[in-house]
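A single chain comes next, written as structure tokens; it is the form predicted on its own.
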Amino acid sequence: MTLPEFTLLRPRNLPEAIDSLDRHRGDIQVIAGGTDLVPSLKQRLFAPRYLLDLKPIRDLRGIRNGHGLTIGAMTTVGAIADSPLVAEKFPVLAAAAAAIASPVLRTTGTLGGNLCLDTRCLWYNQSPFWRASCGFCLKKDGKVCHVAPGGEKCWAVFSGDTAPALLALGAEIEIASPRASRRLPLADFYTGDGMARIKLAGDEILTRVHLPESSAGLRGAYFKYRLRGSIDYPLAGVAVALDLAPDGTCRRGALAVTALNPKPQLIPGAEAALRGSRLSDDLLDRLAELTNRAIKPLSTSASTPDYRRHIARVFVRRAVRQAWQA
């Protein structure tokens, strides 16, 4: 499996990068760390004429402490996992970053790339020969979703680890384009459509992630299910962030999941269930049931939907308990 031919563009700054995207729109792809994109190029899931390499743009790297925390999109997930500042102020993000792939891949993969991951599916992430044998799929070259043949929606799942942690922390993202920069809640970035997964136009670049000061110091935990502990994407991921009063009562909290739907998402009703509560088996059962209602795992991976649904409920209980008792 070889790479397709392409021209590599290496802009020196963000305006040059945006100009290249605008000039070659429709025939260009952004590459950050490349840990997800390069295998997809080899599988011919993409074949752009141009690759826009963001590595030379130093302004997109780094963790800046101010009113909250600002993290450049080209900051490696390894740097986030190893940052004492992130571990102290936003432990759920540190835990999620540390769970990504392997140490070698974490030195290459970036936060922006992890948030913009292509959705994954057993029927999609395969070689051209494999995909041709089953008539391709709705997401690439075909007309049928093999996961849900009776519908017209692609159910490929989003499988990034940092997104649920950032959702639980109330993060916002910054996006640059030829028109202007815009800022939006991370929760509004994902569409829930396996084909058009994120709200990012062809001439836009995700540049930074902003964590609010109000979320600094929240207790947190992240649990991830994968077949191989060394490198795999999550098949189910659960993140929790809690603000506890000195008496152990939860003042506020959030629960988010990944790899169980076409988008990462906050669990509806979890914030209300947590507010004013104390840790108890009844609370954990209620949060597990709210999660069970919100997720829809299908046959998109080597693991069965029933087991992924079961392990999501288990991880909700474990994550909340661990964060509460930290």
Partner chain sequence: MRKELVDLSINGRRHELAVEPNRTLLDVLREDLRLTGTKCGCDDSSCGACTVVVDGQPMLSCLLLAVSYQDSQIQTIESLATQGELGALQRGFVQEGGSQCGFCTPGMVMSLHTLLESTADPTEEEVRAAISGNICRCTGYMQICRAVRHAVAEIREEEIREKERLHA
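If you're wondering where the values come from, they're calculated on a predicted model, not measured in any experiment. Residue numbers count along the first chain shown, from 1.
What comes next is about the form predicted together with the partner chain, which does not appear here.
- This chain is displayed alone, yet in the predicted complex one of Leu105, Ala99, Ile198, Ala187 has a heavy atom within 4.5 Å of the partner chain; that residue is Leu105.
- At the 4.5 Å threshold, heavy atoms of Ile31 reach the partner chain in the predicted complex.
- Taking the partner from elsewhere, Arg10 is found to have a heavy atom lying within 4.5 Å of the partner chain in the predicted complex.
- The partner chain in the predicted complex is not approached by Leu85, whose heavy atoms all lie more than 4.5 angstroms from it.
- The closest non-hydrogen atom of Ala272 lies beyond 4.5 Å of the partner chain in the predicted complex.
- Comment: 51 to 59 is the region of 256 to 264, 288 to 296, 51 to 59, 272 to 280 lying near the partner chain in the predicted complex, near meaning a non-hydrogen atom within 4.5 Å.
- Residues Ser230, Ile231 are the members of 230 to 262 with a non-hydrogen atom no more than 4.5 angstroms from the partner chain in the predicted complex.
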